[in-house]
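Here you get one chain, nothing else, as structure tokens; it is the form predicted alone.
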């Protein structure tokens, strides 16, 4: 039976893209509801959809106020509006409560990033085992489909990894996920998504999977320079990231690493903020006796990532560099996507970082809706068939390319 009617949790940049794309496919997805603590932000997204005339057929597009940390309130909202699917695009701090509400209400769940405890940074790997995977049995018992990390990275890069292992290699030695934003937002300093989550990724240990074991490095310790399709030569740094923590457990690959592109200016500003203690998640007391969290102050004074979109130019390149063996011979292939900030803004009034994270969530939702990915249990993206997902992504605006010894070509 197909699933219809969607609740989007969150009203940030990625949620905005998801809402636009759901609206473009509301003939399949049915009613679209957007919920956040700040209902005005939800209503602004609805206004944006109206401006771009992105509702495919006449239908419900409604805003709601809810605290995503309040499980009973979430369950009540889900039951009141009668949705069959919840797309969690809220802060990484709300994953557990939204997931619990979906299990209790018996509706499908999907997110784009791993859960985080606001009091902890860089926990013991594999991270998914600390929170999400503890609910696997509950999902299976209730037949609830829960798809974890269905953004781009994690998400699409997981599907690239699954595709490479199943179709293009007999054995894989390494998967290096490469994430480059070669765009410019014109600000002195800004982050492309929630500054609090952004900085938390880079202030702890860098955990990667090397030689079939967890390996720790420090941020900006290991550098890689590579010539990319379209965006040219870029410098990247070994970074900890969500997808390493599922790919390392679900695929038989001895080395899984994540690399993110950073300019010297970002590194310099980040280093100063960190050395001054301004990226700490621990409260400090001011001379006036006020208790404040330095990281939250930095977040408050930096530009809202959503505000960067109108002036953003340039492109992103994100993909998997896979090395292994095919037919007894060494093989290397790069599976990737190129996205354009200005083109994304013209379509959905958002920049490419939000676009690449949001579009895959809608592709996954459409596959849940038609039954292809409605598996009745908790899974990470690499555990699902990649071809229907990558095909749907291409239809939605994210094309997959492959670069190997035979040249470059479009796959989906």
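Keep in mind the model is a prediction, meaning the values are calculated, not measured. Only the largest set of C-alpha atoms that superpose within 1.5 Å between the two forms is called the rigid core. Numbering follows the first chain given and starts at 1.
Beyond the structure shown, there is the form predicted in complex with another copy of the chain, which is absent from this document and is the topic of what follows.
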Does any part of residue 306 reach within 4.5 Å of another copy of the chain in the predicted complex? Heavy atoms only, please.
no
Using a 4.5 Å heavy atom cut-off, state whether residue 204 contacts another copy of the chain in the predicted complex.
no
Proximity of residue 288 to another copy of the chain in the predicted complex, heavy atoms at 4.5 Å:
yes
So in the predicted complex, does any heavy atom of residue 121 sit within 4.5 Å of another copy of the chain?
no
If we test each of 94, 251, 231, 302 for a heavy atom within 4.5 Å of another copy of the chain in the predicted complex, the one that passes is 302
The unique member of 222, 311, 284, 138 whose heavy atoms fall within 4.5 Å of another copy of the chain in the predicted complex
284
Given the stretches 323 to 331, 267 to 275, 176 to 184, 95 to 103, which is the single one in contact with another copy of the chain in the predicted complex, using a heavy atom cutoff of 4.5 Å?
267 to 275
Post core alignment: residue 288 C-alpha displaced by 2 Å or more between this form and the one not shown:
yes
Please state whether residue 129 has a C-alpha shift of 2 Å or more between this form and the one not shown, with the rigid core used for the fit.
no
Core-aligned C-alpha movement of residue 230 between this form and the one not shown reaching 2 Å
no
